[in-house]
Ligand code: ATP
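Here you get one chain, nothing else, as structure tokens; it is the form predicted on its own.
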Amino acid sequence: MKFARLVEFFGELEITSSRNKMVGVLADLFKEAQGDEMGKLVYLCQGRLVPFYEPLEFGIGEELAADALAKCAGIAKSEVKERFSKKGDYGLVATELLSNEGSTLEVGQVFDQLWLIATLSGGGSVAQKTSLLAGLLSQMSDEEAKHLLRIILGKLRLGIGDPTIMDGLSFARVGDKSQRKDIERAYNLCSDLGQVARLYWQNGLDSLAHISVHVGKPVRPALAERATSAAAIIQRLQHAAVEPKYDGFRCQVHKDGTTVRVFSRNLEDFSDKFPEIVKATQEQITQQQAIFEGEAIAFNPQTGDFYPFQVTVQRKRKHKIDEMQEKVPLKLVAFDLLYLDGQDYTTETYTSRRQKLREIVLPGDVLSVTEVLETSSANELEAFFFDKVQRGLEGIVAKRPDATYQAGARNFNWIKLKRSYQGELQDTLDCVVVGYWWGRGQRTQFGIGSLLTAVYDKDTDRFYTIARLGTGLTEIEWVQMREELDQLKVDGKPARVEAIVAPDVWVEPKHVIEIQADEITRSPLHTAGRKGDDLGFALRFPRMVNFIRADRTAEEATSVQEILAMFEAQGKRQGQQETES
């Protein structure tokens, strides 16, 4: 496939707001692909060259992009930057400066050149990258150059997520989304949609059955549903294995001989940031190969007490690792085993996985296995819950003892119960920022005064607004939030966002914040849970309780389905209170 043809499809996706139409555009794109191109096409649709868990970056920022455009167009860099100051997008600047009719470059050729740019390192690599990029741009039409620069600068915003790509693959092959679940199962096990697409397109659905857990490829984590009481948990599970819920970084640790990689919940490689966990795994796990999950949480070495997430999050910094390790040491409390020396443990029951996990984790200062209470008593579960809350933990997670590990799934095999807050709503929500309003009054100086937040619906691959939030941030956090969001600004409403209200500035859905509210109410202004002419749902008195959650992707935010369940549970509590009074 010619790269020019690929960007034609990109152009269609850019102007399409209907998800069904997006799926159709992707299906048409995939139908034209050769088998060996499919993986590369999917990566490019994701704005990547590799799966998300591989930390390969292009190493080209806006300054080098300006250098390359200036060199290609034969003008001064200052003129390029002046145009950028007006457009805010080097892709659009390229459409003004380049007038080539098009290139004969194939997708594979462009991909290989991008790979070369991304992997260049060492002395003189910056000049080489700039020269290679300029050479590539000089062969392209304005539309090709626009999308190439957006890919390299991380600004490719096509309005599609992984669910839409998976639907597109199924439609391309069988004309409907009937094979989506099998595609998603394979993706959940290997976290590499390019690999899944390539195998699926070349060898059909049966080839995906051979994808299994593999050391070095993070498994997309299993997720928990919510409960409002201990009684509700016992009613659903009958018998539960109950663990403390820690408020830290969820980690998936992969050991292959002496090589250890630590992946975050959203598949980011944290190995360099968490050296004590790497070292402890090498010392406390003697088996050759293992994959296990746990929660990394900062602690006080003098008292042994765990710190809140606001302290733990400091360990996400990329610099001064040794200093941070000394200042904010980590423990990793392991709670699940996924793989061990050739055996896939995701198909085993929770009880079997835990028993084996306890066997392989040797005593040490960093790794430990979480405690567990097995019970059929709501009173016993509730006492365990309150004990953990009093110790400063977030709550508990109850698990079905006979359930297998279901990668990437959120269901009632795992149920979380978090500590209560004042107000009717007894849990916090993870919401995605999709826009902001300019500051007024005292916040004029910050240029930002409130946020438009949304929740996610996996079935539609869309974000639905639920709250306008203006409290809970410090002055410093308002400034930081503005800086972060301005990197995601778009001219109009993002294609994946469904909204009635319009903020002053729209941003791509990426950053997740944790919100507390008094209750969930019906609203004519928000789209979460809205069907037809019905009212949507909104949060009453929302306030931020945790700044941008580095351990959450936008797609891992609170779901529309969870909002509906929480609203129903809230109504039951209110009804009980009225009866008691």
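We number the residues from 1 along the sequence you see. Predicted model only: the values in this text are computed from it and were never measured.
This next part talks about the form predicted together with the named molecule, which is not shown.
Hey, in the predicted bound form, does Lys416 get a heavy atom within 4.5 angstroms of the named molecule? Lys416 belongs to the contact set for the named molecule.
Answer yes if any heavy atom of Tyr200 is within 4.5 Å of a heavy atom of the named molecule in the predicted bound form; otherwise answer no. Close contact is absent here: in the predicted bound form, Tyr200 is far from the named molecule, nothing within 4.5 Å, heavy atoms only.
Tell me, yes or no, whether Arg173 is in contact with the named molecule in the predicted bound form, where a contact means a heavy atom of each within 4.5 Å. Close contact is absent here: in the predicted bound form, Arg173 is far from the named molecule, nothing within 4.5 Å, heavy atoms only.
I'd like to check something about Glu143: if you look in the predicted bound form, is any of its heavy atoms closer than or equal to 4.5 Å to a heavy atom of the named molecule? Contact with the named molecule, no.
Partner-contacting position among Leu208, Leu156, Leu267, Val397 - heavy atom within 4.5 Å of the named molecule in the predicted bound form: The residue in contact is Val397.
Tyr436, Tyr246, Tyr464, Tyr90 - the one with a heavy atom within 4.5 Å of the named molecule in the predicted bound form: So the residue touching the named molecule in the predicted bound form, by this definition, is Tyr246.
Going by heavy atoms within 4.5 Å, which of 223-231, 157-165, 374-382, 124-132 lines up against the named molecule in the predicted bound form? Single hit among the candidates: 223-231.
Is it the case in the predicted bound form that Phe335, Arg410 and Arg552 each bring at least one heavy atom within 4.5 Å of the named molecule? Heavy-atom distance to the named molecule in the predicted bound form: all three under 4.5 Å.
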